[in-house]
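Form predicted on its own, single chain, as structure tokens, below.
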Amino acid sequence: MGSESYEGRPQLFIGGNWRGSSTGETLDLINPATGAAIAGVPIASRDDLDEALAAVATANAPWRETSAYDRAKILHRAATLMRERAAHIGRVTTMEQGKPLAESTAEAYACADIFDWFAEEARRAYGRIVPSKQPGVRHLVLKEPIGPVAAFSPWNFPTTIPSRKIAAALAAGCPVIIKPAEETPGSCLELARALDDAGLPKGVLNVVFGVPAIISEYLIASPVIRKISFTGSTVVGKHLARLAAAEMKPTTMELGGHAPVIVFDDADLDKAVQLSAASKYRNAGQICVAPTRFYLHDAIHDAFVEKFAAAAGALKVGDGLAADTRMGPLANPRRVTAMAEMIGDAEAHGARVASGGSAIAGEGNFWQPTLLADVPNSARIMNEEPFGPIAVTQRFRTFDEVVAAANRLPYGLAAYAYTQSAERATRIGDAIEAGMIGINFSQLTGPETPFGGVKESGHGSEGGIEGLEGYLVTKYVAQG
């Protein structure tokens, strides 16, 4: 990192106040490009959590009674501040998480779009009047805020994912306690800072850090919390869902994926390679919708592998702050270990390394962009999400064969397909079991579109009108 200094300010944000933990306890924040500690992250105590719960309880009634128009004004002002501060937010994210500065800065701008979109959508949270069969009776269907929300977000998109939760909840009229990942505290705190500076009433948003299991169990059990939103692994999501079910609290769960990519023999190979490689190695492959399992028609398999391997090998890997970096480090040493284990296991089962395959020597958590060809289903990586810069291939010949392969796993978050046949595009879109499918297209995220999965990839959606609806309840009023 040289002379570069960390610009984040890890703090708790509780009841509108910026401060440390009541116990003074912190944990080290590590720069993944250097392995060096760059700050201390305050760990919330039970007293701190009680204060946050009291804050949202107090803020709940005034915020839900604030008109959608006035809530929108604050969200719009915050979005403007996010754009003005995008360069700063981007640097904080890169030093915490590792992704290239261009990606981090673009993520900050995307967050502003999310807040703007939900600000507008909140003004269209319509109810309806249902015609009555009884004279003089009016049936009203109303949409109301569900109440205080406990939200939990991961480290891979440390501004985008919190933005989806915070913007939708605040727009709907719900106060929030969010626990972002301790590996990337400053990124979410910059969102809170923009909202605070935009005039968000005290207590409507609270940000805490600490031991994930302790915080999640304590917040979910509290009678103050009425809704849970979680993005992370399927294992943790199932555990939190059980805790929420014990309290009869609704959840939105955006969990793990293992996205299949189907490339038919009539596909535009150059387009498929260009889009897929860019999507696969963005954020060092640490993306739940990253294309990973490439099912390639036997007629084009070898040509695709050759082109894709060349694209992977051409990527410049390095510190995310360097202007020429196209892929940064993995977020933590655990991911480096996981990559080595999965690649070793795949090779033991007969897979061929077509590109990359090794850690990069030196400081930081760097790994080569990797492509493994002809990987059998017996390999771990065909069954477990790698969450790193590894793509794997298999061959297929028939439509039914590849559909069965793509749907084989319990995951159902994202999927992709490439074909120039309109008829085949329609058939594959219908046949694949996933919450999101890109056909000759790789970008599946946007403020205006739903983001979520099926099967063990979770339930509910973030983004789109569905994202707002997750924070609203339906009330029926019969008025005579």
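Numbers follow the displayed sequence, beginning with 1. These figures come from a predicted structure and were not determined experimentally.
Below, we refer to the form predicted in complex with a small molecule, which is not included among the displayed structures.
**OP:** Would you confirm whether the three residues Leu240, Glu254 and Arg335 all fall within 4.5 Å of the small molecule in the predicted complex, going by non-hydrogen atoms?
**Re:** All of them do, each having a heavy atom within 4.5 Å of the partner.
**OP:** Evaluate Asp319 for contact with the small molecule in the predicted complex, applying a 4.5 angstroms cut-off between non-hydrogen atoms, and reply yes or no.
**Re:** Outside the cut-off, so no.
Original post:
Wondering, does Lys179 line up within 4.5 Å of the small molecule in the predicted complex on heavy atoms?
Top reply: Lys179: contacts the small molecule in the predicted complex.
Subject >> Leu371, heavy atom within 4.5 angstroms of the small molecule in the predicted complex >> reply: Close contact is absent here: in the predicted complex, Leu371 is far from the small molecule, nothing within 4.5 Å, heavy atoms only.
**OP:** Answer for Ser163 alone: is it within 4.5 Å of the small molecule in the predicted complex, judged on heavy atom distances?
**Re:** Because no heavy atom of Ser163 falls inside 4.5 Å of the small molecule in the predicted complex, the answer is no.
Subject >> Single option in Pro250, Gly127, Pro201, Pro212 placed near the small molecule in the predicted complex, where near means a heavy atom within 4.5 Å >> reply: Answer to the contact question: Pro212.
Subject >> Listed residue that, although the small molecule is not shown, lies within 4.5 Å of it in the predicted complex (heavy atoms), from Phe387, Phe304, Tyr295, Phe366 >> reply: By the 4.5 Å heavy-atom cutoff, the listed residue in contact is Phe387.
**OP:** Tell me the stretch among 89-97, 343-351, 379-387, 306-314 that has any heavy atom within 4.5 angstroms of the small molecule in the predicted complex.
**Re:** Contact criterion met by 379-387 only.
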